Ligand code: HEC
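Single chain ahead, written as structure tokens, the form predicted alone.
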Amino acid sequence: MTHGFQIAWHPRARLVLCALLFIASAAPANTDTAALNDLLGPRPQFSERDPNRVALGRLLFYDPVISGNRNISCATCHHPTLATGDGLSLGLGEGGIGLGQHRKLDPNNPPEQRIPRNAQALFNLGATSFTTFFHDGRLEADPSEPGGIRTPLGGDMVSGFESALSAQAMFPVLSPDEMAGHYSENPIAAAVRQGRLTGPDGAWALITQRATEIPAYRDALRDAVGDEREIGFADIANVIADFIAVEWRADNSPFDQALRGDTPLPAAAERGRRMFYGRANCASCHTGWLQTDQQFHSIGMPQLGPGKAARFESHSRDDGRLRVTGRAEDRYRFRTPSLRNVALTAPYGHAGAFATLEGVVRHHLDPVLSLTQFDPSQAVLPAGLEVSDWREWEDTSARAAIAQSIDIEPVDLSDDEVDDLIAFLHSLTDETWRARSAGVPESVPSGLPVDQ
């Protein structure tokens, strides 16, 4: 079965894939690690971070004080007990109560709009190769842009962000549905809704003021910034990024250990590795050491939830990369996720449609069939919602449009081969981050409750 898609291979990419196919099909077990090391390219690099800044970023990451209503922290949707996600297909930010799958609608303050996309994991974001963020890549390093970062805010983006990671770390605080709050609830939410981001009464300044009014934060930020200038919004983002970069580094999995020549993979994982880099063709998108090309592909993921629409729009569609580039061919394309710790980070997909690793693997085998036969009960949604999450999926013409856009080919694998492939994906799990992790602080300088 085909879907009218042809890959325009770069000559070097063709040679690499051919080599991988040869390795996967011909080499004896565990004798091709040197060749695969070469084909994976340079190992990910992680820059050094100041421990004092990391410690400060940790407190700010878990402190709800930087949310509009002082009720949501970064950790609410990216919690270590939930493998740096929230365990939900589509989470609840503002208007929710609780953590993870126990999070439910706040009946006294329901959300104005739902969060439209799955909360992505934070593993290895400190690697210098990670330069593109969010499911649609709307924030990415770009030397041609002021500050070297292209963002949806354009000229309204304040300066001082040290990396694309630090810039993306603070975008949720500007989202009414994630952390800012409803229009009339607090000054930060009002500033966001009125488009006041910069200036002394803008949202950036109001959030900075929130933090610097607390002596512990003010003194620590002053130490981080120095005495030569005023503390700004970007300084808060920079130390949070330092924390994320250090806390969730995960590059010592069994896969890494096998390629170092330490411990061979178990037989099933080794067979799955050969399948991944061979006939299953997973490596055509999940490339390199972190198993992502950071590019955008349409793989026919079912659409659920409110979709990615502006407040004046009424559809439930998520056009993916199209909303960034404006190019019709980018509709329904989403960024290739890294597969590090993928076995820990369900649900999967831009809208979290698949609750299990096997489910999302089997979707890749025949995306059109999977899209047609998708079982909505797989989704993991918060309790108490009285909305239809399935308007787009139930629309046959909408499903057909997604199916038409698919740019990967079906693969025929036996059940045993699927099991082997899943065993390999488990070999990408690095649990050592748990031992290295500083963990959730018992308290934060604001004195507000911490999600435990």
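The first residue of the sequence shown is number 1, and the count goes up from there. Treat the numbers as computed from the prediction; the structure is a model and nothing was measured.
One more form of this protein, predicted together with this ligand, exists but is not displayed; see below.
Residue in contact with this ligand in the predicted bound form (any heavy atom within 4.5 Å), chosen from 74, 203, 250, 245: 74. The single contact residue among 316, 370, 336, 163, judged by any heavy atom lying within 4.5 Å of this ligand in the predicted bound form, is 336. Although this ligand is omitted here, in the predicted bound form none of 55, 109 and 219 has a heavy atom within 4.5 Å of it.
Heavy atoms of residue 297 reach within 4.5 Å of this ligand in the predicted bound form, making it an interface residue. For the chain shown alone, residue 183 is not a contact residue for this ligand in the predicted bound form, no non-hydrogen atom being within 4.5 angstroms. Contact between residue 157 and this ligand in the predicted bound form is not found at the 4.5 Å heavy atom cutoff. Although the partner is absent here, residue 273 sits far enough away that none of its heavy atoms falls within 4.5 Å of this ligand in the predicted bound form. Note that among 146 to 154, 191 to 199, 362 to 370, 210 to 218, the stretch whose heavy atoms approach this ligand to within 4.5 Å in the predicted bound form is 362 to 370. Interface residues of 253 to 292, taken as those with a heavy atom within 4.5 Å of this ligand in the predicted bound form (partner not displayed): 276, 280, 281, 282, 284, 285, 286, in sequence order.
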